[in-house]
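Let's start with one chain on its own, the form predicted on its own, as structure tokens.
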């Protein structure tokens, strides 16, 4: 890279010099270098080099902090392991913080003293973002969302056309000419969001959720202006850009007067809007935010929809998205759903809060520069799937769907990949004349 100017370096260092950020200061100074995080990391387990140990990534950020924000680091940098923020350090930061971490949080769960390692990795990413050093492929995804309203740069015309034919398919599926996919309707109970990969590549996911809404008799709508549940600026660490994206969905909720915002099956999107969003835009939401997983579980519990598990007879296993489960607390709902919707549900080992990341998170799917590493770490997930004997892998996240699809092809697993909504839609009983095995 070109020589780093003092002005650019200062933009990165300003993140560490915020004396009001007590959480950052505490976690930067807490790692005891015990090494217990090493076995937690899918990168280190797959490629056992010291540089991939999560504590090494923490030390990379904290060494810069010591150099510029502590007396000993300024006076005796060599004695305290303080590093200059120079070209060599920055190259290492980009490679390890962007290219060797999915921010899955598994290391944080296993940390002996509770250092929030993924938070410190994201802090390092924020430094790099401030200096304009986000990998170009990841930044281009964010730029598309900022300039077009969705990260796939789908035009309004293309989006509406896709939904129109999906609406026609829904009518045939449920044998009801009044069934439809509502757009831009004011005053509905729910505004539903989508991952833009759905209208672009996975339209059956939209059909599935539309069928669920139909069966539940829900009052809902989609927006053609702002439907993107994703927020890749969460991955880049750019708080300003993350705020722009979150504010747009907030504004659309207010414009349409919806009571609830229902987040599609997207791990980081759910975290970015539901939990991080109020901090991005610096105000609370005056509406309720729920994931579609929680909503479908409630539909089943309250008998708003009826399911026949016999319609899903093959063995099914579940991949837990890191941001939805470890970081979002949505753990039991998807299991409740699958036990109601499938005849043969089995768990991976490990699973739940201890689940291995699939390797697609942290923006890895958007960063083609690191494809080889991403496939290397995917072997852990392939082995997990094989051990279950499942024919269907269900995951409530489209990033995970993409990664699992590539795992399926690369390791020749011969499985189906489905979202939770697709499994539920397959099991729905629309009239009492249908035989059920409940």
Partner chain sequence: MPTLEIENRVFEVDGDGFLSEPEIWTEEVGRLIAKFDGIEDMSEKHWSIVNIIRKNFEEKGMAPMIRTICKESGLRLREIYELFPLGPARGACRVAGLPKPDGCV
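Numbering follows the first chain given and starts at 1. All figures in this text were calculated on a predicted structure; none of them were measured in a lab.
Not on display, but discussed next: the form predicted in complex with the partner chain.
Residue in contact with the partner chain in the predicted bound form (any heavy atom within 4.5 Å), chosen from 179, 183, 152, 244: 152. Only one of 112, 224, 140, 171 comes within 4.5 Å of the partner chain in the predicted bound form through a heavy atom, and that residue is 140. In summary, the region of this chain contacting the partner chain in the predicted bound form, judged by heavy atoms within 4.5 Å and restricted to 304 to 312, 275 to 283, 358 to 366, 97 to 105, corresponds to 358 to 366. With a 4.5 Å cutoff on heavy atoms, residue 371 counts as touching the partner chain in the predicted bound form. Under a 4.5 angstroms non-hydrogen atom cutoff, the partner chain in the predicted bound form has residue 199 among its neighbouring residues. Mapping the unseen interface onto this chain, residue 405 counts among the residues with a heavy atom inside 4.5 Å of the partner chain in the predicted bound form.
Residue contact check for residue 323: none of its heavy atoms lie within 4.5 Å of the partner chain in the predicted bound form. The candidate site formed by 92, 129 and 234 is entirely out of contact with the partner chain in the predicted bound form, as no residue has a non-hydrogen atom within 4.5 angstroms of it.
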